[in-house]
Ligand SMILES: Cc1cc2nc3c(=O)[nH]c(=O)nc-3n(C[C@H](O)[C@H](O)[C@H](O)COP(=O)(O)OP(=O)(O)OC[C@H]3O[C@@H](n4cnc5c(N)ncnc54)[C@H](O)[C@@H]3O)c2cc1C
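A lone chain, given as structure tokens: the form predicted alone.
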């Protein structure tokens, strides 16, 4: 019996499961997908759940059913390469022959005091549910502050503007503009949309600490009824505790097969994996497909060969009717990228890669 254990049922983990099940696996192979929840939450859509424009049910994807697949629910506490087992807080250890770490990321608060306690998050489904309640319980004409003007912060602000036109919404960023990592043309387009829709943008702001109802910055205190944190991510705590080689962002260094060089048959995909690309759902899915190829090849005694990962681009939404993105090196803006993003969501819900 060969046990393939996949930790995390997000974009990378679920893609890997589906890819493996599409092939005729040897009968002795069993796949164990480990997650806290009985479905995948589409993390790229958490901004819409937080804003109240999508329901919880809208962003769920059911896990497949197969005789060689077992879904394991539990809180992972670690794994042992020596005993080849995964440890849990509330159940017996699970043995593995092949292990895949696809555990995703958590907020990076950069050591800022009070950030964890006094801001809300969209990094997990449960955290996003709490954020939804806080945002939608906010008093009329209350102040919402979003710390971080990257893709997630922009999407939350725009979606919330459509959901709660009464609220005062601001984005606070330490950089010179929203989407500072994107081409200037896109930055200008998004900034213009925010100006038109009365979303305040504060740039070159250094956040020093957070308190109840207040953001302490280098220049002044900023009052805030609800503060949403979208100012950076890092690998989850389990990955942080591992002593394998990591990059400057704390992501695990892997070889050309997405495998830990120090631990054969332990693979890493998604936000925990050191890659020459920014973390994204698309990257995690591409890695999931490649690791499936490696596992299949090795099960049949063959040497795997992997092409270089090529990503299609990045898409972002400005509410339900406008958006922006980069396809190749070409910026796109307006209705078309929003339609494209809706198409990507449609495919994700139906297990299409």
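Note that the coordinates shown come from a computational prediction; the quantities given were computed from them, not determined experimentally. Positions refer to the first chain, counted from 1.
The same protein also exists as the form predicted together with this ligand; that form is not shown, yet it is the one meant from here on.
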*Where, among 100-108, 142-150, 204-212, 158-166, do residues come within 4.5 Å of this ligand in the model of the complex by heavy atom distance?*
100-108
*If you check in the model of the complex, do 8, 13 and 123 all have a non-hydrogen atom within 4.5 Å of this ligand?*
yes
*Which residue, 298, 320, 66, 36, has a heavy atom that falls within 4.5 Å of this ligand in the model of the complex?*
36
*asked:* Looking at 269, 190, 171, 228 here, can you tell me which has any non-hydrogen atom within 4.5 angstroms of this ligand in the model of the complex?
replied: 269
*Please check if residue 74 has a heavy atom lying within 4.5 Å of any heavy atom of this ligand in the model of the complex.*
yes
*Answer yes if any heavy atom of residue 31 is within 4.5 Å of a heavy atom of this ligand in the model of the complex; otherwise answer no.*
no
*asked:* Test of understanding: in the model of the complex, would residue 284 fall inside 4.5 Å of this ligand by heavy atoms?
replied: yes
*Taking heavy atoms and a 4.5 Å cut-off, does residue 238 contact this ligand in the model of the complex?*
yes
*If we check this ligand in the model of the complex, which of the residues in 304-338 reach within 4.5 angstroms of it by a non-hydrogen atom?*
315
